[in-house]
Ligand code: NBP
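Only one chain is included here, represented as C-alpha cells and corresponding to the form predicted alone.
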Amino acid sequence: MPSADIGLIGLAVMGSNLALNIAEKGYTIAVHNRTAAKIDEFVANAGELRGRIIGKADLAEFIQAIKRPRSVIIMVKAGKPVDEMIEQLLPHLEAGDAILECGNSLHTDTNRRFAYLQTKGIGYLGVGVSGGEEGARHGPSIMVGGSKQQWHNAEPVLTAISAKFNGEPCVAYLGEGGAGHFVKTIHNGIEYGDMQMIAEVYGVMRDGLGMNPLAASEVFKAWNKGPLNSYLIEITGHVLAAVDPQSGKPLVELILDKAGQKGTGVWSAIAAQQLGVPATAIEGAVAARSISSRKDERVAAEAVYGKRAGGRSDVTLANLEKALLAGKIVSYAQGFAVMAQASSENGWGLPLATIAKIWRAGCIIRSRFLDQMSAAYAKGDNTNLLMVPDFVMLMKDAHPALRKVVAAGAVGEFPLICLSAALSYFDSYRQGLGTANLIQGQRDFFGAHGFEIEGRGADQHGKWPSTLGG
C-alpha cells in the first residue's frame, strides 16, 4: 500500500537536505535517484529519520509508494534534464498528480511545462527554494508558482519545512505558471547586486583605507547590529575572519578573485530589459562577475596601464556604511519594480508584500528592512520603493554618502560597478527634466521617428537640413 506523503527525485546535496527536512517534520518521503547506490547510501546515513524514508530504485515502484494525489519533487539540473525527467514520469502518473520542480529554472520554461502538463491532467509547480544547503535542511524560503489545486495538495509539507519568521512560515503561492521561478530569479538578481556592493565596499576598505581582512571583519560584524543587519553582512564578517590552516594567512587573500555564476543573475538582467524596467544594479553585478572571470586579461591590462596610483582614501567607515545601505535599497527597488511589471504583463497578481515577508527568513537576501518593505506594499501600492516614505527618509540620509564613495572610487581608481550604477539610477530616477529630449531629436533627424511636444501631441517632426557638411 502507498505510504509516502510525498516523493523526491534527485539526491544531490539540495535534494538530500530537503528530503531530510521533510522526514524530520514528521512526513514519510519516498526517494529516487538515477544512481541506485546513492539511494542506499542516503537511507543508510539518515540516522533516526531512516524510518520515514522509503528508497526506491525502480521509478514505477517509487511512484506507487506515494499516496494519491501524488506530489513528486524533482531536483535535477535545469533545462533539458527537467524535460527528460517529466517524460520519464508521465507514464506512471495519474490525473490530479503533480510534479514540483524545486531547482532554478527559467520561468518561460516553467510556463511551457505548466501548459503542457495541464493538457494531460497533471499539475506542475515551479518552486523557488532559497537558502542554500543549510536552508534546504533546516528551513528555506519557498516561492511557489503553478497550479493552485496542486499547491493546496503540497501546502502542508512545504509549509512545515519552510523557514519561520516570528512563527510565520516563509512560503507562499504566488501565481500560475512560472510565477514562483520568476520571483526566485529576481531574488537571485538582487542577491548578485547585494554581494557585489559588499565586495566593492571591502575593496575600498582594503585598497583605500589599508584595512586587513580581520579589521574589515570586525566592521562588518558591527554593521550587522545596525541598519545593514542581514544574512550577507553577517556571513561577510565570518568569511573575512577565516584563516587558512595550512598557511596561517587570511583565507580571503588566498581565494582566486574569479566569481562564478549559474545563470539566474543573467536571467534576471535579461528579464528586466525585456520588460523595459531598469535594473542597473543587477546588470552591474552580472558584468562584474564576467569581468572577474577574465583574470588573465585583467593582469595583462594592469601591466599596460599600471597599478592604481595608491594613496589613502578620504572616505570614512560611516560613509561606507551609509553608501552600502543606499545601494542596497536601490537594488531592492529595482528588483521589486521588475517583479511588479512582470506580474502585470503575465497576469500573475504577485503579492509584493507577501514576497517581502517570505524573504525575512531562510533566504540569502534576508535583511532587516524587509519588514518595512512588506508593510509598504501591504497598503496595496506597487509604487517604486524609492517613493515609499520610510525609504525616502533613508535615501535622503544615505545618498550623500553613496555620492562621496562613488566620487572617491573615480578619483582613487576603485572599481565600483554596482555602487556607481545604483547612484546613477537614483539620480536619473529623481531628475524631473532629463536629456532624452535630445535623443528623440536625434532619432527623428536620422530616422523620422517623431517626438512629442507638450500641448501639440505626439508624432511631431523637426525641419532638419537634408544634407550636412560642404
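Computed from a predicted model, the values in this text were never measured in an experiment. From 1 onward, residues are counted along the sequence shown.
Below, we refer to the form predicted together with the named molecule, which is not included among the displayed structures.
Contact with the named molecule, judged by heavy atoms within 4.5 Å in the predicted bound form, is confined among 112-120, 268-276, 77-85, 311-319 to 77-85. In the predicted bound form, the named molecule sits beyond 4.5 Å of every heavy atom of Q150. Put simply, R34 is close to the named molecule in the predicted bound form: some heavy atom of it is within 4.5 Å. Proximity of A23 to the named molecule in the predicted bound form falls outside the 4.5 Å heavy atom cutoff. When the named molecule is considered in the predicted bound form, G263 lies well away from it, no heavy atom lying within 4.5 Å. Only one of P156, P351, G132, G203 lies close to the named molecule in the predicted bound form, with a heavy atom inside 4.5 Å, and it is G132.
For the options S230, S217, N104, S343, the residue carrying a heavy atom within 4.5 angstroms of the named molecule in the predicted bound form is N104. Along 171-186, a non-hydrogen atom within 4.5 Å of the named molecule in the predicted bound form is carried only by K184.
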